[in-house]
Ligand SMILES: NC(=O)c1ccc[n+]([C@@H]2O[C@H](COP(=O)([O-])OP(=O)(O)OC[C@H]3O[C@@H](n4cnc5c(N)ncnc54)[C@H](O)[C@@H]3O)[C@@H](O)[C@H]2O)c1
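In the form predicted alone, a lone chain appears below as structure tokens.
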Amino acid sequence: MDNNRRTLLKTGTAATLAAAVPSILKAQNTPDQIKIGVIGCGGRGSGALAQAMSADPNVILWSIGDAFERGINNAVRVGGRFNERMQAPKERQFIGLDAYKGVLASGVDVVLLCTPPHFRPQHLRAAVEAGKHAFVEKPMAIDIPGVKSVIESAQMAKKKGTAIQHGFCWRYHPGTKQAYEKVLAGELGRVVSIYGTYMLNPVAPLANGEEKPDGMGDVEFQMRHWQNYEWLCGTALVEQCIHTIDKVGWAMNDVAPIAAVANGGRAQRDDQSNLFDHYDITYEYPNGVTAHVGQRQMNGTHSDVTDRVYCENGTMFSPGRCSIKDVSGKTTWRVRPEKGVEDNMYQVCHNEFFAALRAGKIINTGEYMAKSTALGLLGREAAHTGKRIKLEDYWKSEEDQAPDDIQFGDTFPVASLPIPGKERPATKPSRG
């Protein structure tokens, strides 16, 4: 079956959609095991694995897949903390770019999709076609064709009755949920403006002067340093700051913006990566509302991860000790942790996912995740081109940053750095 993320959903897939649905997991506290497989076992994949194993006492690690052996070792180490529930022997450990196929064919009930974002649409489509429930890390794609593929996969999953849980973890943080619920309930009046920041140090940057070793293919080297290449991570704006962008959407009740205008550039980085190290995005919403997002990954600079939602009658601040101040600056509400309530948002996300599966309830957040991802891509495109871009126009983009059948040994020169106001030449891989 064609798992290409560019393949559009056709009427001919009706037979596939009517195929047998995995049996509904029984009520909570039954002894039935839930077999999980993890695809992509880096830092976030290993974390998601630990949280999934902690969410239900009868979750077992059944299969592991990663492009590299070090990822397999990460997952084995995490799974080993759960003693007899680590049941992924060598024959169910798969290495390479096709590792996801082995995991999906191994007999798992649920897959955790935690590879670099480029692969997300392809892997989600394969999981849905295989009839698996899926936890899917953010972001969902690195270009608009990928976003559209994810939406189609989510629609397929609805017809099949399989679940898709998202990795926009702040929507599961108890205090942050309380704060945003107050905004959406209208307790502060109408939202008039938003300013969100995600300003931190670089994540896994290339070492000074680090170059591809002799004999290693372009794709393999870039994948080993995937946070540094746009076709793999989508840029830091889309891979990391997407949390802040998602919360902009949350504050706006997930109404789509009209357009985006942005600045961005590269001030500190001098390596062979092709990423900006800072962005400033302005999203234009209906009724004159503007949302501003400031993103930065620079050493030696001020760190700040804060959402400020300005309303007619006050301002909401999050995350951390979420609070509300009235127009005079007086604090009128501050979140208070509740005893006995899990406040690790990553864990809450998995707790709710597996509890829903046990109860026979199907979560499907694929379309919402895809649309939040599209907001990040819209801001990136506005910054890279230097133009005001309407969402309805950007939605027509056919830019495909890399094919799904890419191989480690492919020649794939690093795409040029964007220059606002100038056309950016496309870069495609080739085989020797």
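Note that the coordinates shown come from a computational prediction; the quantities given were computed from them, not determined experimentally. Each residue number is its position in the shown sequence, starting from 1.
Beyond the structure shown, there is the form predicted in complex with the named molecule, which is absent from this document and is the topic of what follows.
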Q. In the predicted bound form, which of the stretches 55-63, 372-380, 41-49, 394-402 has residues with heavy atoms within 4.5 Å of the named molecule?
A. 41-49
Q) the named molecule isn't shown here, but in the predicted bound form which of 243, 278, 269, 148 has a heavy atom within 4.5 Å of it? A) 243
Q) Which of 114, 236, 157, 262 has a heavy atom within 4.5 Å of the named molecule in the predicted bound form? A) 114
Q) Using a 4.5 Å heavy atom cut-off, are 126, 229 and 412 all in contact with the named molecule in the predicted bound form? A) no
Q) Using heavy atoms and a 4.5 Å limit, would one call residue 206 a contact residue for the named molecule in the predicted bound form? A) no
Q) Just to confirm, residue 177 within 4.5 Å of the named molecule in the predicted bound form by heavy atoms? A) no
Q | Close approach of residue 79 to the named molecule in the predicted bound form, 4.5 Å, heavy atom | A | no
Q. Contact between residue 346 and the named molecule in the predicted bound form at 4.5 Å, heavy atoms?
A. yes
Q: Select from 146-169 the residues with a non-hydrogen atom within 4.5 Å of the named molecule in the predicted bound form and write them out in sequence order.
A: 167, 169
